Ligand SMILES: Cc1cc2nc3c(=O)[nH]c(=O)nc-3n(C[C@H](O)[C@H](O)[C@H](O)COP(=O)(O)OP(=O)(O)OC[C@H]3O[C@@H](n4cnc5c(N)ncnc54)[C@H](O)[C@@H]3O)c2cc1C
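The chain below stands alone and is given as structure tokens, in the form predicted on its own.
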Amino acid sequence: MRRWNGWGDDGVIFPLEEAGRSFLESALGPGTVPHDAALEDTLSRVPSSRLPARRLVRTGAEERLRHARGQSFPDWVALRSGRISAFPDGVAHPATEEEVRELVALCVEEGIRLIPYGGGTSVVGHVNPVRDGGPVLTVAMDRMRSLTALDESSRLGTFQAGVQGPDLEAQLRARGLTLGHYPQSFEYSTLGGWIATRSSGQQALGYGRIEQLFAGGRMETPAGPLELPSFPASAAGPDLRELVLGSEGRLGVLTRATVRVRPLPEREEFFGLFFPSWEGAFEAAREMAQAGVRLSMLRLQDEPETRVSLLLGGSRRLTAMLERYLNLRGAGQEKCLAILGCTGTARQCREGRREALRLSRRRGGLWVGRPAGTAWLKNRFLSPYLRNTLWEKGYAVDTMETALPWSRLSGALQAIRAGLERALEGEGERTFATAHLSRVYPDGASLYVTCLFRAAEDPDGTLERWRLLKRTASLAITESGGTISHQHGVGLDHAPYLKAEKGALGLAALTGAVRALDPAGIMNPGKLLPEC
């Protein structure tokens, strides 16, 4: 069963071996085991619903609790402590577009605020009810998950927007096809959520980001249905798909989406490379991206993240053997690990691997083969479970992400890391930051910085530590000229920094679009554009 106050299935545990525990204590100090609120106690705090009985609407306490928060750090603190400031007054599970339209009309007529809910995996506060205002209805899309049309000659598949990643791929694979969109939240996140937040999958280098895969669809808005026909290309004015992409539920409820699919690949393989230093690895990644090497993934870890990966990677004996080999080959304490993926025909994979190795060797890259890639593949969707384990040991973790041109990436990383390492000094606390490039482009790359710190004894203290770290990293990102979000959207947590990227006129244009489709302002208020 899915956890109500953490990540994923409650039967899955990411173990932390003794080496990992020793490392955390050495880097941060001993953790304080938290006193998490019990489900029964938290349910007792759910207030009475402000919604009268309505068709399709459920108002039970547990239903509302399970749809009250996503997976952001403030959400975790709220759920683990039982201190949840606001709940939806009801949750609806429509099965058809007609039922979605009925729910939107109800909310317009009665002034009810409506929050679209996909898989509940948002890490920036997209699905949270705001405290002030009238009653809130959360519309969960989990019953709308079917493949409704398939144009095999055009390779276009149309799905209901509530389909989760594994279900979407299973329906396509039965027909010899794939979408190839694999964010880390793949097991639970939905097609509608990917579109609403401009998601990027782990293999976007080969398959494309969601904006490249999204061909059209339909959205039910308070002003009426918005149809987005699918064209291979169009010069008929601005593309309305771009308005829907990243709209975060502010315009309406996306009910169906047409996506560009492709045949299942003949071969897919992942392999590892070690570089003696970050500088050489960074340049190799840039050169591969700009040379157009046929890869579906290029993930580059910095030295601290590489060290942690080896520490948590499994057999200590095999890791020690690998370390000795790398030392002999000149990759010592500063070594960095890259995981590369090739997808396509056997010939395409051979050519991609050969060219990647040729370019990497010019920068000192050392081939360690498929075992490193296999280990990454095994854990690609399990890594978020480590967050549960760390919390239960008294440690907190969060990731700040951005994307920048190659020329500004290294400077931004230095600024973010330096800021995070200083942010909690006033409290006598330490932080440990790791980083990786997870998606590369010809002109730049995404930068993910993960920050580990100790949880405080009181939940408010833990949340305040996170706020200091989040603000520090966000200011460093904007001052470095990076985007405030590479793939997770804006939600609540990034909204204060959006003006630095869009400018006043840009925000005004977005506000105008929201007001045109949602004149009464009932759609997911407070997200993306807090003042609208």
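Since this is a predicted model, take the numbers as computed values, not measurements. Residues carry their position along the shown sequence, with the first being 1.
Another form exists, predicted together with this ligand; not displayed. Remarks below refer to it.
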Using a 4.5 angstroms cut-off on non-hydrogen atoms, would F275 count as touching this ligand in the predicted bound form? no
Report yes if any heavy atom of Q487 sits within 4.5 Å of a heavy atom of this ligand in the predicted bound form; otherwise report no. yes
Applying a 4.5 Å heavy atom distance criterion, does P88 contact this ligand in the predicted bound form? no
May I ask you to check whether F270 falls inside a 4.5 Å heavy atom distance of this ligand in the predicted bound form? no
Heavy atom within 4.5 Å of this ligand in the predicted bound form: which of T402, T258, S185, T462 fits that? Just give me the one. S185
Name the single residue among A338, A215, A161, L413 that comes within 4.5 Å of this ligand in the predicted bound form, judging by heavy atoms. A161
So if I measure heavy atom distances to this ligand in the predicted bound form, which of the stretches 348-356, 286-294, 420-428, 195-203 falls within 4.5 Å? 195-203
Residues of stretch 374-389 in contact with this ligand in the predicted bound form (4.5 Å, non-hydrogen atom): P384
